[in-house]
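As a starting point, one isolated chain is supplied in structure tokens, in the form predicted on its own.
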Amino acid sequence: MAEYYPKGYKIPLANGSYAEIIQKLGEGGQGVVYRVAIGGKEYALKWYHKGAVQNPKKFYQNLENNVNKGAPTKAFLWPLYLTQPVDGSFGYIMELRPKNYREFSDFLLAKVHFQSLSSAVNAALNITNGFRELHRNGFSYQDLNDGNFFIDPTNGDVLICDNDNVAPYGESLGIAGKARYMAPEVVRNLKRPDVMTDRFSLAVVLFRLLFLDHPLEGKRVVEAPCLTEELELKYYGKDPIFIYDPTDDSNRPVRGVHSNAIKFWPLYPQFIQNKFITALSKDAMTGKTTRMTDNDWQLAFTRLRDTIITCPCGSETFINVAGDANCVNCGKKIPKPPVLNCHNHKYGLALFPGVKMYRCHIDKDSDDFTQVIGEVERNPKNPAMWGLRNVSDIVWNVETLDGTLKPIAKGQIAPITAIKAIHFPNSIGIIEYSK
């Protein structure tokens, strides 16, 4: 039976300080999370149940190494301090989750919803970027699932938690992962979790984030009278089939059961559908082809964000940068707007009021999707006229339709209908107009 520490109990830290228990916040199979005070500031303490950790010495050493190396990005609720062993167990300190962040499972259970398409896509971008940086720092996550994320529904900001199983490439802490998120080869016990299996788990997480159903659970799972261990091994390990596999329709979503997937799948542009088809193809799941990388996903979701505009009905929708589109909310036809093609069509930014331009659009050497460089605005005196405002410290050289170059400094606006191209310090963006 688990033992709990009372309010006021002091846990010694490895650095010589101590954490004073304030209250119990929650509990899982591995341990308990407390709110604690350290030097006048409040944190979270994850304390492991006795016997919950395989090879405690190796696990503790790995945590210590992670503390010393530091978090890959600020998105991680990373271990900050270790405790000293107490009563045959130990724990680690991390930042508290702010109240505006909700558990990923709350979205899956429809207890909370994203406030806009932008916030959902931003969440996908932030999750992808977090794991890209984690992998670039030489780590694999090893236990990627829906319990690893807290998300702000208003803007898509993400906090990644449960980082105690993160380990360097080639290291295994004895964690296989969570059912329904593990790569097929892990389910079949052919290998331990690593970066390649992280890629599969990430694809499942991203699909669930955007489509709110599981990518491998369609007709076959519904028709199973009981999901036995043998069937779980088949559906998630030996013979997994993506519900939208274009070569096999035996596991399609079932109406009345998988309503979210049926509703949301057709709303997303074809290039996003194709990414999931590639990531969850039979070849990708069996290892015959390389799985989608974190960088592939980040580029795809940056492109997706570039197509989000606000319809006159007031809701956000995806615009078709190649032609006309219909609003996903009201169904109204929206003509193709001018498009800023950056880096030889790597990005196609719909120039519609409210759309923002980021550093990755103007700098061919950058993939920074967070720093705003410009924004499309309506002319307050003539709303039918739109302009692109420079909000950066970089001077743009705008090439007008007659070939004249005009510098646009910070705060200045270039009327979109007069722009042929924009010359940035190390790239050119070319405007494409509807024919």
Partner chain sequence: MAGIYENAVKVARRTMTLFFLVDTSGSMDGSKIGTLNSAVEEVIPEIYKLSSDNADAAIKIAVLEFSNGARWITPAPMDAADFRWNHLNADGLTDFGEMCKMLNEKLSRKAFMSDVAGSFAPAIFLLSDGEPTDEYQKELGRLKENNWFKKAIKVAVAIGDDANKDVLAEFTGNKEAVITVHTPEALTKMIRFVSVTASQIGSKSSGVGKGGVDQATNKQNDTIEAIKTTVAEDPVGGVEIANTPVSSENQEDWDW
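Numbering follows the first chain given and starts at 1. Nothing here was measured: the structure is a model prediction, and the numbers come from that model.
From this point on, the text means the form predicted in complex with the partner chain, which you will not see here.
**Student:** Suppose contact means a heavy atom within 4.5 Å; in the model of the complex, does that hold for all of 113, 186 and 257 with the partner chain?
**Tutor:** The answer is yes; 113, 186 and 257 each reach the partner chain.
**Student:** Heavy atom within 4.5 Å of the partner chain in the model of the complex: which of 300, 94, 204, 182?
**Tutor:** After the contact test, the surviving option is 182.
**Student:** Heavy atom within 4.5 Å of the partner chain in the model of the complex: which of 150, 352, 264, 81 fits that? Just give me the one.
**Tutor:** It is 264 that has a heavy atom within 4.5 Å of the partner.
**Student:** Decide whether residue 136 counts as a contact residue for the partner chain in the model of the complex under a heavy atom distance cut-off of 4.5 Å.
**Tutor:** Although the partner chain is absent here, residue 136 would stay clear of it in the model of the complex, with no heavy atoms inside 4.5 Å.
**Student:** Examine residue 4 and determine whether its closest non-hydrogen atom to the partner chain in the model of the complex is within 4.5 angstroms.
**Tutor:** Yes - in the model of the complex, heavy atoms of residue 4 and the partner chain come within 4.5 Å of each other.
**Student:** Taking 4.5 angstroms as the cut-off for heavy atoms, does residue 378 touch the partner chain in the model of the complex?
**Tutor:** No - in the model of the complex, heavy atoms of residue 378 and the partner chain never come within 4.5 Å of each other.
**Student:** Please determine whether residue 130 contacts the partner chain in the model of the complex, using a 4.5 Å cut-off between heavy atoms.
**Tutor:** Result no; residue 130 lies far from the partner chain in the model of the complex.
**Student:** Work out which of the listed stretches, 292-300, 271-279, 354-362, 224-232, brings a heavy atom within 4.5 angstroms of the partner chain in the model of the complex.
**Tutor:** Checking each option against the 4.5 Å cut-off leaves 224-232.
**Student:** Judged by heavy atom distances of 4.5 Å or less, which residues of 318-341 approach the partner chain in the model of the complex?
**Tutor:** In sequence order, 328, 329 come within 4.5 Å of the partner.
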